[in-house]
Structure formats: C-alpha cells, structure tokens
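This document starts with one chain, in the form predicted on its own, laid out as structure tokens.
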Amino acid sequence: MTETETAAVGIAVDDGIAVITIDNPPVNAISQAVRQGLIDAMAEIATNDAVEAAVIIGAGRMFMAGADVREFGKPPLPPTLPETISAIEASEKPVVVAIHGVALGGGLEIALGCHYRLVAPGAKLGLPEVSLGIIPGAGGTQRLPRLIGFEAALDLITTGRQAGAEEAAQSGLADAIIEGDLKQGALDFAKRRIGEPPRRLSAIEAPKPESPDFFAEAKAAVARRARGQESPVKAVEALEAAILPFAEGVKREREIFVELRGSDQAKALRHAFFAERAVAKVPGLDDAKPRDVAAVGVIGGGTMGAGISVAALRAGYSVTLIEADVGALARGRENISKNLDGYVSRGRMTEDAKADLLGKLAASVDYGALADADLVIEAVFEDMDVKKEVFAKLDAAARPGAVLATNTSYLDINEIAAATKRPSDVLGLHFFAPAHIMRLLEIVRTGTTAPDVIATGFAVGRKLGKVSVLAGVCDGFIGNRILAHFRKQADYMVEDGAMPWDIDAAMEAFGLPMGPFKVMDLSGLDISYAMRRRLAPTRPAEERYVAIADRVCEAGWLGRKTGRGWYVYEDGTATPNPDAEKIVIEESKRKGITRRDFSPEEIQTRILYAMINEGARIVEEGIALRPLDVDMVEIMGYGFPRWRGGPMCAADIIGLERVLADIRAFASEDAYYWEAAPLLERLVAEGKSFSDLNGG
C-alpha cells in the first residue's frame, strides 16, 4: 500500500485500487482545498500505472454535505466545482463513489461525475440548492435527467428533497446498496469494473419526456407551488436544457446559476440559512449550563397541551399530563392518541411505536404526580387568574430546581412568575399550533429568569426539533405583537376600501401560504375578539379602532367551525361572505369614509412596512435581541416567505431610506399608526442596515 495526501483529500492505493478519501470535518464541505485535492488526485491516478480504478469515499459520518458555507457570497476560488467534476468524469480508469450519510448539493454533483454510485443503507441524496435561491450549477440539472429521467429529476431538483438509499437504487441514481462494510464493498465493485470503458453521463442523451407539453406543464405547476420563489421555476428551465447537447446544456445551466446567485432572493435565503443557525447562539449565555431534563409535565390536554405532549414524547421524554377532572383527562389522552395516529397514517410511525410512546404517558388530576418532573409546561386557558392559580399549585408540587414554563401567547409572564416563590425558575415556552408540527418556539425570559433556565429552554427546544428564539416580555412577545400590527393595517385597508378577500389574495401573492382573513376563519374569530376585548381598557383613545371584525363575530359567524366567517364554507369550498361584505360597507359609511381601491402592491407594501416598523421597535426595546430573531419568528411561525428573508431582511434589500420615506408618507394619513420607529430613523441617519445589528 502507498499513501499520499493533498490538503483535505487523501489517497491510499490498495491492490490496484486508489481510495480517495475526503476528510474535511465536520461535514466534508466542498472547500477550495477539497476541490483542488480531487483534481490533484485524479492527475495522480492517471499517471500511476499501479492504479487500475478508483473509489471516492468520505471520512467521518458522511460523504459530502455540499458547499462550504464559509465561501457563500464570496468570489469563487479556483478550481471551480464544474472543473473538478469534469476532471473526475474524464478519467480513463473507472471511478466509483461510495456514499454514506448524505451526498447533498455539490456532493451529489460530484457523485454524478463519477462512473458508478454505491450507497450505504440509510444514505440520503439530494440537490437542495433551490432552498438557497439557486440551482445546481455544476452539471446537476444536466446529468441527473440523463440518469433517472426528467420526471424524477424534476421532482428532486425543484423540491430540494432528499432521496433515501432504496429510492436511489430503484430510480437508477445508485447502482447498488452496499450492506456491511461500505469501503470493502466499493473496492470489490471497482475491481469488477477494471477494463470496462468509463460510463460518462455527459456522453449519453437524456430520455425524452413522454408529453410534448411536459416542461410547460411542469413550469406552471412548480410556479404555483413556489408562490413567488424564482429558483424552482428556473430549475425547470435548466432541466429543459438537458435536451440539448451536454456542452450547450451546461452552459445554459451555468447562466441561470450565475443569474440567481446574485439575486435578492438568493441573498434573502442565505440570510435565512445563517439566521436559523444564529438564533440559538444567545449573547451572554455562553457559560450557562442547561439543567437536566428527562421527565416533562404538561398541564392541560387541549389542542396545545396535546400537541406539546406529543412533541415531548417523540423527543424521548416521559410525560405526565395533568387535567382538572377525569373527563378532561380522558379527552386529553384521546387528543394525544389522535395526534399520534396522524404519524401512523402517514407512514412515519408504526402502531407498535405509537403504543410505546403512549406507554411513556402518565395522566392524573393530582398535581402531586409532578413531584419528579424536571420541566412542567402549563397550557391552560389564556386567562391570567387561571394561570396564576396553576402556578401557585405548581410552586407547591414541583421539586426544587424544576423549570416551570407557561405556554401563554400574550400574557405578562413576570406576573405569572410572581405567583410562585421561585420566579427565577419560570420562563415562557410559547409553542405554535399544532405544537407537535410547527417548528417555532419562542423562549420568553422574564426579568428574573435564571440564565441556566433559559439555557434549559434552548436545550429542550433543540431536542424537540424546534427553532428556538429568545424573546422578552411584552404583549404578544415578538410574533403576536407584529401580527397585531399586521392585522390592524389589514383592518384599516378594509375599512378604507379593500375587501378581506382582496387582502388575502394580495398577501398570498406576496408568498404567504394563507391570507390573514382566511387564517382568522381557520383559528376562529372569537379568539381575536376575546383578545381585543381584553386590551380595550388599555387602548389609547387616539388610536383608530376598526369594529368590523367585532360585528362579524357578534353575528355568530366565527369562521370554519360555524360554517361562516369572512367566507362561507360549503362543500369544501370557501366563497366570500356577502353578509360580511355588507357589514364592511356599513361600517365605512358609518364613519363617513369614502372607500377607494387598493392595488395588490399597495396592500403588500403597507402590511410589510407595518411589520418592519414594529419589528424595529421590538429590537430597540430589547424584546428581540437582533433583527434576525424577528426574521426567524416570522418565517418559522407565521409563514413569511423564506425567500424574502423575513421582514427585517426584506427592509435591508428594499433599502431603509426608501422604507422610511414611505412610512413618513403614510404618516400623513394616520400619524398615530405610522410614526416611524426611532431605530429605523437612526439607522438611516447613520447609513446602516438591520444586518449591521445582527453581529457575526
């Protein structure tokens, strides 16, 4: 055996087979050193007569996770990835790639440049570039359809999803699944290929789609699904170029890749990528060690409590559910069981696994059952007196050192914590419905929450698979506080001339999965009605108040659950409620408002700027530590389009000067609502952006 090493790529020659090992921990990212190392390795085996074939394999826990994030947004360093892949594919000696863990993005493109592809059981393969606002730019859109056909290639590339080992083998993406020792299996496979002409994907034609309208139909379908995101649609264009000779198709792919790489959407998606990782790094908590959590108590078995219980059970915690009486306890257990049934019906859990999880669920009407809980999460009715009563009981029942959390959406957690003799152990864990599915978790610290309790919240959030964001105490914290201003602006436009369905259509075109009035119908109009009544005593007298939603609710139209709200729900379809339209017009007339038209663009701008302005206030007050925290809350919890990067990122892309100028113009219509946030004005005066406040 002989061995040499170039940067992050090592070569070991074993019985005529060169084993080329990528060793660039932690994820074998395709750095400049890896690219150069692969080119050097291919040059070495070409001139080494003792080498008859080669195996490329990854060290550590995976093959390759894709591009080196440290190179994102920077000028590319030679050699390029296409040059690297071309050097591999051009080899006159068979090159076999052995994939374990993941082969993603450029990692899979490298694999496609090899002559044969082997996978270990459990391997995942994918081209997720669309999630970063780009497309595969090193031949992925050209080689993949030549290997597995256009339909399968389009599915993988436009969704960015990952294919498992079995799917890869069935589709032809992988030549074989290697059970047991992957390296030895690859060596054996390579020996059998010695003397065979290399199988280069660039040298074959892509199979023609069955339908002549395949690409037109695919582009339309992808555009509907993408809701304004450009990269999936552009990926279809790149795939269509695979009909051309390879050199022409690669050229077109590269043109699209370069065009997208510098786009605003790519900038926004890169921001979201890094922000999702940055939110968990809380300044000042570096030395805080989380408390151990194995047993979780949940108080309340309704929609939220059941969802939280399922999330905790699936994360490996034992759960004790507490309810007020035996009947409520039975309903809570049934809610949990139904949530688990959803996983079973989708094939994500077996009946036996469901039974095992339910075996870790205890239930009681006695708070004494929480004596051994490490973390207790309260999820009862949104009423301050009720929650304070619960926490007083918890204070007496929970062991010293247990973390006590409330799932309140709006209420003052300082006041809740004061109902205990250990306020430093209390924090907010604000889950979003459905709690076992939605990824956002607002971790709310009070004025007395201990650092290790906050660290515990983040540790639990990670184990639950959540994106956790730290927030301070105020009405609505980060997300619901911004939502209140979003909805106010929507209400103002409805009273001034728009219809609820106009607002919904405009915001869905903006990229939201569902318009705000449809969301209200889905959750129930009585929920926001109760909140407005709660806040009425503290509402400033000079604030404009729109009573349209109150009248709709008072008419008994509470949304989907009553079959009528802003929309009428019949036979599975939603149509505008003509009676709600009458109320809208009557209320405008009652206030003497001359109604006018609002374009979709104006609707989108006013709502976005309302979110930006309030987000700036939230950052300035310290409710959110950084603008990126606001962005993650909106993306993960409220459906803000990821390809816009969140409201604060969107403001930076638009330009803060323009945003401020438009807000000042809106202020001439409603000075109370549109008063510009001081932070926004200061950043413009200093020539800075929100990103300057994110750090790192």
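Numbering starts at 1 and follows the sequence shown. Note that the coordinates shown come from a computational prediction; the quantities given were computed from them, not determined experimentally.
One more form of this protein exists, namely the form predicted in complex with a small molecule; it is left out here, but the text below deals with it.
Peer 1: Looking in the predicted bound form, is the small molecule within 4.5 angstroms of a heavy atom from every one of F72, I135 and F273?
Peer 2: Spot residues vs the small molecule: full contact, yes.
Peer 1: Would you mind picking out the stretch of 224-232, 602-610, 103-111, 483-491 that comes within 4.5 angstroms of the small molecule in the predicted bound form, counting non-hydrogen atoms?
Peer 2: That would be stretch 103-111.
Peer 1: Do R61 and the small molecule come within 4.5 Å of each other in the predicted bound form, heavy atoms counted?
Peer 2: Taking the distances in the predicted bound form, the answer for R61 is yes, it comes within 4.5 Å of the small molecule.
Peer 1: Against the small molecule in the predicted bound form, would L81 count as a contact residue? Criterion: heavy atoms within 4.5 Å.
Peer 2: L81: yes, in contact with the small molecule in the predicted bound form.
Peer 1: Is D521 one of the residues lying within 4.5 Å of the small molecule in the predicted bound form, judged by heavy atom distances?
Peer 2: No, D521 sits far enough from the small molecule in the predicted bound form that none of its heavy atoms falls within 4.5 Å.
Peer 1: May I ask you to state whether A41 is within 4.5 Å of the small molecule in the predicted bound form, using heavy atom distances?
Peer 2: Output for A41 is no: heavy atoms all beyond 4.5 Å of the small molecule.
Peer 1: Quick one: of R539, R277, R399, K582, which gets a non-hydrogen atom within 4.5 angstroms of the small molecule in the predicted bound form?
Peer 2: For this set of options, the contacting one is R277.
Peer 1: Just to confirm, with a 4.5 Å cut-off on non-hydrogen atoms, which of L660, A650, V27, I57 contacts the small molecule in the predicted bound form?
Peer 2: By the 4.5 Å criterion, the partner-contacting residue is V27.
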